[in-house]
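Just the one chain here, the form predicted on its own, laid out as structure tokens.
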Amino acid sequence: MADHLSKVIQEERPSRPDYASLAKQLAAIVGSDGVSADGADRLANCRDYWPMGTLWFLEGKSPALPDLVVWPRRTAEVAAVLKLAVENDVPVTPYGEGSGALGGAIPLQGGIALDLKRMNRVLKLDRDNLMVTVQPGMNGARYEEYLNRRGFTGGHFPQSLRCSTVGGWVACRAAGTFSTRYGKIEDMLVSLEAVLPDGTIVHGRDLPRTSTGPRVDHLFLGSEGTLGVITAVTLRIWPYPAARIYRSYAFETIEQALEAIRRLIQAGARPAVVRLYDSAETAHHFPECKEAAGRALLILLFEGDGGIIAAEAGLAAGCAGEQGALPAGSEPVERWLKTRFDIGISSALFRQGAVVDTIEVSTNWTNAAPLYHAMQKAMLAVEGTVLASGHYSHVYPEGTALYLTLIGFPSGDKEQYYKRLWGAAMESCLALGGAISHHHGVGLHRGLWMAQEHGTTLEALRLIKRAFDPQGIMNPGKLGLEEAAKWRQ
């Protein structure tokens, strides 16, 4: 079944091993139920949530297909699989739950899809030192449920919580919606264990901080499977919050709202959730909020010690009031909590012929509003685009992350429209000095702009890649480290 699909961007390696023989050797490592060449399994591990991959699937096409799917259960099995892959010059694409949005899980050169979902156990809960060690295939929602039942929280709540893995969070340098209080995944990471392509296992130390040279294990943060395979992660955790306060404020302009947020954060407040919606997204997400009609809406969620969060909420009220905001109560926050994982509208729009995507970038406060206006203007100028709305979803003393939602109904080729749309977005972002990604990572697609993002630093990343993976078997074509020729054309 799978082999009859057109593989749109699959690339071939010079060598082509005997995959039937390789499957037998892999079965000796992971068991007969741990390796498959079945078409359904290969299809299930051939893509992620990249919209272009979805559009191809709707046309009966596949971006690319692995030749085998392998399910290891422990670190030693991963090491043995990688050693065998090196010996046979077989590419390996690590796979979590496929929630990435940029084609990072596509096995561009076929080979092995290394599905880590059976590595899903908690290895250690350290209550005294507030740390937990888990295998990389642990589902995000199950991770949080495990901690909640024991009186803790992990503090990491991406929109993909229910369909992503802990290892995937680290591999793509993720950020959750409660990031202002708890930090992004790099702030939570204490250490990790990973396997290099030659089978070497590297470990970090579970200590609050070290000053003993570069942390080799931390090189795997954001590496997206290009350096090796993450096999265990130790993360910081927190006591389950004792109290919560919900607040929302409606502003006449984006600029006024951003200034209120800047003052709040630079004063030292750390709300768990800070989300500012433009007027279009406010109308869509909060249609019943009368105070917010035609305005930008800011929602704030504070959690932790009751006294501390009461002071933070009071500070927020003052900052909002100075910018002429209207208090909009707690209901918008409650609504957001109920609907934050709902992405069903995207599926419906795809079936109606739309191209739907999201783009998240980051910038300093100086450019926070100009970047929003410039990117929105650039994308609406691409023929076929009907919506380019935005919100700000992560904030720092230095700046913020801008998250744009895009909908287009192009009259011509959707692939070419998609590239034009992203080109407009990335060029306008780079022109104002923004970073081309805040938390979705790079994958396959954003690799087209990595040279502009990094300049000469990209060659330094390539040197690290070649040192770790001299044969280039690990997730080829990703992070802009190698040419993805068919997609670039």
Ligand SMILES: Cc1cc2nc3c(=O)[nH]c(=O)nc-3n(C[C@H](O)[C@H](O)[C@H](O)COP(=O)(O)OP(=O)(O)OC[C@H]3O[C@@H](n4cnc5c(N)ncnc54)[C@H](O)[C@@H]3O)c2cc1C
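Just count from 1 along the sequence shown to find any residue number. The structure displayed is predicted, hence computed values, not measured ones.
Omitted here: the form predicted in complex with the ligand. The next part is about that form.
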L207 near the ligand in the model of the complex, any heavy atom under 4.5 Å? no
- Query: Might Q159 be said to contact the ligand in the model of the complex, defining contact as any heavy atom within 4.5 Å?
  - Reply: yes
Looking in the model of the complex, any heavy atom of S248 within 4.5 Å of the ligand?
no
Contact flag, T93 vs the ligand in the model of the complex, heavy atom cut 4.5 Å: yes
Flag this candidate site as yes only if A20, C46 and A85 all have a heavy atom within 4.5 Å of the ligand in the model of the complex; otherwise mark no.
-> no
The one option of A388, I309, A174, V190 with any heavy atom within 4.5 Å of the ligand in the model of the complex is A174
Heavy atom within 4.5 Å of the ligand in the model of the complex, from candidates I261, L300, V229, M375, belongs to V229
Note: the ligand not shown here; in the model of the complex, the stretch from 98-106, 235-243, 68-76, 315-323 having heavy atoms within 4.5 Å of it is 98-106
Applying a 4.5 angstroms cut-off on non-hydrogen atoms, the residues of 436-469 near the ligand in the model of the complex are H439, H440
